[in-house]
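In structure tokens, one chain follows: the form predicted on its own.
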């Protein structure tokens, strides 16, 4: 039996990873690494076999005790934490010290091509410390439409981004969570591999807005802006500087890159097709209304 430590446990992807692990009836001990244990117990009330430990990315004093006797780590980067040296180097040092053997890191498609994005820096940090890893590189989350971009959709009836006509590959985080749960359970089969997880569709934001408008009563539109304008808009909206810069990198750089490659890894691993964009939008359409 392994002890599997899940960071970002109460976030969208962490919840899915835990759900798939628990519903697989795993014999492994699954540990949710959380800042508020009591609140998290209420969130995961249906999983009586789930364990909890206090952990805070922004408080290195929590790292050592939280990871004691852990075998595997599901590691992700909270969106607001862009300083890899400040937040992730101390954690990786502790994981090395604790002799933790297995890290599944949720990176991003194309991370290997850009040394400026945090995901690339974290991948290189894990390799620097000679830790065994699986880098999961998913494409663009469908759920960005229902989280990061949702306020603009609901209150401005816009998607505002510096992405031009760049195409993104769209993946449902339910598919990502399922893959990560399997990789954590079967780590040795995929050790030290870099794996891309994608959907079957490459679409730009104008097309996605069109799909959304087919499902809702009050239409929205896509507003393409330059990076500087985007920075000022989001700063005025109260978004943190680090997150603004990450959003610019993730949405502006693809303008100069080739269309994303489509991977069939999800289908080969699970025997199922990934979620279609139109199906996701129909599933979540109530969130796009005011």
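Note that the structure is predicted; figures quoted are calculated from it, not measured. Positions refer to the first chain, counted from 1.
Only in words, not in the display: the form predicted in complex with a small molecule, which the text now covers.
Partner proximity in the predicted complex, defined as non-hydrogen atoms within 4.5 angstroms of the small molecule, places exactly one of 137-145, 124-132, 159-167, 213-221 at the interface: 137-145.
None of 209, 76, 95, 84 but one reaches within 4.5 angstroms of the small molecule in the predicted complex through a heavy atom, and that residue is 76. Out of the listed residues 259, 56, 29, 264, 56 is the one that sits within 4.5 Å of the small molecule in the predicted complex by at least one heavy atom. The three residues 175, 198 and 285 each lack any heavy atom within 4.5 Å of the small molecule in the predicted complex. With a 4.5 Å cutoff on heavy atoms, residue 9 counts as touching the small molecule in the predicted complex. Residue 41 falls outside the set of residues with a heavy atom inside 4.5 Å of the small molecule in the predicted complex. In the predicted complex, no heavy atom of residue 179 sits within 4.5 Å of the small molecule. Interface membership of residue 235, defined by any non-hydrogen atom within 4.5 Å of the small molecule in the predicted complex, is ruled out.
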